[in-house]
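Read the single chain below, which is given as structure tokens and is the form predicted alone.
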């Protein structure tokens, strides 16, 4: 039996843990990929503190985490509640909402670039509604680029979270909802005080998935804007890629990767500790 544990553990150690540990080591070096890395201590982290592009990327990541996570979770939960009960064509609706998850992030990015292009579908719809004043170059305008990419990301993610919440709703005890209805609770009160507490376990999974997806978002932004214009859509992941593989500043890029790792671990551990305390209470 130990073979079934040892083999995948060895593969995981070689392909995941070893590269991750190397990132920590490279983050305290200066290296362009050739020769021996030069140890520079915490100089890369000190440079990050004074780097305006890194600060912009960090701010964009916070905005991305709040908006992408909030809209995806609220949208996924609302759709799951709406499509939970059996009704005509409900399977078709669920499949249509989940369909964007089938496409790769790069394909999704190219698809939305076509929609946002000048005189594209988005501008045509706005023009047809008489909203010509809103027509603009969505991905080329620093004021709208991040929001435009966020819409595409939420459009793809919401179906995935809907499926997670649908699975959670199937595990809820319907007799509790019926008892609350007999006691006079309306639909909103039953959802708030009966259904939502039973989804606590699903919420933990959704939170962890959303935080990790937010911090590792790369493909979609890179396919649509490459972090531009003027770093308006720059995220930590795109800036890390540029530093590491475009400018061959691998030490500096590794320092950004370590920051992403620490942020993800910090968010998830903090949430899990708070959730476990609430369960004890």
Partner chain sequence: MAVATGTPARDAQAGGVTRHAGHRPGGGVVFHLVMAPVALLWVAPMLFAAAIAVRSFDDVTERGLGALPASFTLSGFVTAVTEVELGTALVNSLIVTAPAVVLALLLSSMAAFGLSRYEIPFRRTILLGMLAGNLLPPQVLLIPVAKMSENIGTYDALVGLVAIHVGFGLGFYTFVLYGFMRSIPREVTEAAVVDGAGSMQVYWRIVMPLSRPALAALAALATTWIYNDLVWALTILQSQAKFPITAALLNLQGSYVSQWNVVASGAMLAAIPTAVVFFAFQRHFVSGLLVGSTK
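Positions refer to the first chain, counted from 1. For clarity, every value in this text was computed on a predicted model and none was experimentally measured. Take the two forms, superpose them, and find the largest set of C-alpha atoms that agree within 1.5 Å; that set is the rigid core.
Although it is not shown, the form predicted in complex with the partner chain is what the next lines describe.
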Checklist entry - Is every one of 19, 174 and 177 within 4.5 Å of the partner chain in the predicted bound form, counting heavy atoms? => result yes
Item to check | Any non-hydrogen atom of residue 218 within 4.5 angstroms of the partner chain in the predicted bound form | outcome: yes
Item to check | the partner chain contact in the predicted bound form: residue 158, any heavy atom under 4.5 Å | outcome: yes
Checklist entry - Heavy atoms within 4.5 Å of the partner chain in the predicted bound form: does residue 183 have any? => result no
Checklist entry - With the cut-off set at 4.5 Å between non-hydrogen atoms, does residue 129 touch the partner chain in the predicted bound form? => result no
Checklist entry - Among 26, 48, 58, 232, which has at least one heavy atom within 4.5 Å of the partner chain in the predicted bound form? => result 26
Checklist entry - Taking the partner chain in the predicted bound form, which residues along 89 to 119 bring a heavy atom to within 4.5 Å of it? => result 89, 90, 93, 94, 95, 96, 97, 98, 99, 100, 101, 102, 103, 104, 106, 107, 110, 111, 112, 113, 114, 115, 117, 119
Checklist entry - Taking the rigid core as the reference frame, is the Cα of residue 262 displaced by 2 Å or more between this form and the one not shown? => result no
Checklist entry - Would you say residue 25 moves between this form and the one not shown, meaning its CA shifts by 2 Å or more once the core is fitted? => result no
Checklist entry - How does the CA gap of residue 22 and residue 268 change in the predicted bound form versus this form, closer or farther, if it moves 3 angstroms or more? => result closer
Item to check | Direction of Cα pair change residue 268-residue 193 in the predicted bound form, magnitude 3 angstroms or more | outcome: farther
